[in-house]
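Shown here is one chain on its own, the form predicted alone, set out as structure tokens.
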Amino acid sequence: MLGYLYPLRTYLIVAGTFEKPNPMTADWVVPLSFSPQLLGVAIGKTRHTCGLIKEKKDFVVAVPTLELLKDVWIAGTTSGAREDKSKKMSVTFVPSKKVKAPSIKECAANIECKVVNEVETGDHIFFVGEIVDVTYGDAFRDGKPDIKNYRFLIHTSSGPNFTYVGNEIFKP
């Protein structure tokens, strides 16, 4: 029944370190508080990313555009526990300013978070992250997305169905 929540924005959650980054695709990202600035992400308990976030206590929410769809698909369909999916991707990992997890140069924004709470929610862990830094490019002006010139990725349903602001469907 959760399918009725779609379409949802799609993000890349980056865990691990600059030397060994582990990106995963996530739709379940939500703003939680203005003061302090908090956001939450739900990650399956069995996911490699979940273990890395529990260990390192930080993560990055990277904001992809449609141009990164193939990389988003790789990050969401390859297990970081079995192989280094960062090597299969065409993105550039760069050091973040305030967390161990790296940022992604090609993403429209990178939101650096330190874990302040973990909540067990059935088969997922809901990580509450305090935003400690944000880097962004031209896709954001005055803190707002430029939806006229950038195609922010939207997952239309489970599986390989994506779009952006508009009505055309894209597949990886």
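As the structure is a computational prediction, the values presented were derived from the model and not from experiment. One rule holds for the numbers: they count along the sequence shown, beginning at 1.
One more form of this protein, predicted in complex with a further copy of the same chain, exists but is not displayed; see below.
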Would you classify residue 53 as touching a further copy of the same chain in the predicted complex, given a 4.5 Å non-hydrogen atom cut-off?
no
Is it the case that residue 138, even though its partner is missing from this view, gets within 4.5 Å of a further copy of the same chain in the predicted complex, heavy atoms only?
no
Given that a further copy of the same chain is not shown alongside this chain, does residue 70 nevertheless sit within 4.5 Å of it in the predicted complex, heavy atom to heavy atom?
yes
Give a yes or no for residue 20: in the predicted complex, does one of its heavy atoms lie within 4.5 Å of a heavy atom belonging to a further copy of the same chain?
no
Suppose contact means any heavy atom within 4.5 Å; which members of 4-25 contact a further copy of the same chain in the predicted complex?
4, 5, 6, 7, 8, 9, 11
